[in-house]
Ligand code: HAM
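Below you will find one chain, with nothing else, as structure tokens; this is the form predicted on its own, and questions on how it binds or moves follow later.
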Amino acid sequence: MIQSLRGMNDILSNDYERYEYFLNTASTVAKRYGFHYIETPLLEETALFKRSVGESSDIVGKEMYQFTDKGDNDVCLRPEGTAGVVRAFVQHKLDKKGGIHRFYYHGAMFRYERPQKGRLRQFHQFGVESFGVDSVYEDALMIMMVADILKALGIGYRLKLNSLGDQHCMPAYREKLVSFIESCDDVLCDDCIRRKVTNPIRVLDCKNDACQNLYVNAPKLIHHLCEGCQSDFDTLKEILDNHAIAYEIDTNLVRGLDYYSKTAFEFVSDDIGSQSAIAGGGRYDRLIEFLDGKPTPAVGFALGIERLMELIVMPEAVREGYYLGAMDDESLPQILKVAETLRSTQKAVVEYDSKSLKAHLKGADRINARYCAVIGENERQEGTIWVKDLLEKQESTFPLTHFTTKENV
């Protein structure tokens, strides 16, 4: 028997109801904030992620599904969403038009890593990207949007904040951090030794407990910010305080991708085990320039949908629509005609097999329909249809024309 690949799961029945509910909720919130939907390809040139995510990252170095296609192109399945949206932003010359451009997206991402709870090889993200706003108020808007989405889904969280500085304060800090790393070289893990050369700040994100114990004494970027970055970070905290959004400062929060600067944030849950991050993002003002676009300020976030699934508080199921059944084969044409009319305004599900009334009522319960409507020999001869309101527990018989004339439905 052929099975799905390891770490690539099907989304069926109740899981899909949660998935769809999440997408509807998150999309509604994003639209209310003035964002518009964008969809980018699953397959991109590998160079896009090497130049944006960074060759020092684990994503590019270890986890991408990369191959040469039949046209000898070096391509890969997208491991994250931001780079593709930025590529589209530059390719369609939106950077040249100026102004503000705000997008949201959702879909599958791919990373070849060890599958575990909350971490799959094919996973799904909901993301938001904003281009053209240099103000830290846009950073705050991102955080407030995530908070609104999680609140709408009934999910509790803790918010972690940090500032990654910019091209003015990062270089001097990097030198101090490298000096500290070199003083610990003999006891650090291989990943940290490699990152010391490729991207030193990433060592702070090391998952090795022994390394983390050493980094408690490492210099903190937040204590080496330039005046502009410090002012922005203070303003961000003030905005969140004014909107009663609690946060904690995490000086080791660096995000997993190379293109971030200034604001970095992460929403975590204490209810999903070790993979506690459920959303994260920040500012990446130089990424558009790295991808040959006009320098443009940008900020965004992404939520991991699989990590949220078990935390979502679903609304109470509401009975809706019609279940339609025939008591005998001769009544099926009339049932199909009724269904055709009803579907212009609401859900109408037809059971093709002739069954007893009791069996039809069970079928209506199974799909959580509000109405069970059936036609049998008597109804067919009298030109009527029997309907039970399963919410109000009331039964009625109507002329068939009541359900085959659209003006009456």
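Computed from a predicted structure; not experimentally measured. One rule holds for the numbers: they count along the sequence shown, beginning at 1.
We do not show the form predicted in complex with histidyl-adenosine monophosphate, though everything after this point is about it.
Heavy atoms of S163 never reach within 4.5 Å of histidyl-adenosine monophosphate in the model of the complex, leaving it off the interface. Taking the partner from the other structure, histidyl-adenosine monophosphate in the model of the complex has no heavy atom within 4.5 Å of any heavy atom of D139. Interface residue remark: G280 is counted as part of the site for histidyl-adenosine monophosphate in the model of the complex, having a heavy atom within 4.5 Å. The closest non-hydrogen atom of R111 lies within 4.5 Å of histidyl-adenosine monophosphate in the model of the complex. Note that among 180 to 188, 154 to 162, 116 to 124, 325 to 333, the stretch whose heavy atoms approach histidyl-adenosine monophosphate to within 4.5 Å in the model of the complex is 116 to 124. Screening V128, I149, L225, I288 for any heavy atom within 4.5 Å of histidyl-adenosine monophosphate in the model of the complex leaves a single hit, V128.
Distance criterion of 4.5 Å from any heavy atom to histidyl-adenosine monophosphate in the model of the complex singles out L303 from the list V203, V338, L303, C229. Taken together, the three residues R102, F233 and S261 lack any non-hydrogen atom within 4.5 angstroms of histidyl-adenosine monophosphate in the model of the complex. For the stretch 70 to 105, the set of residues having any non-hydrogen atom within 4.5 angstroms of histidyl-adenosine monophosphate in the model of the complex comprises E80, G81, T82, Y105, in sequence order.
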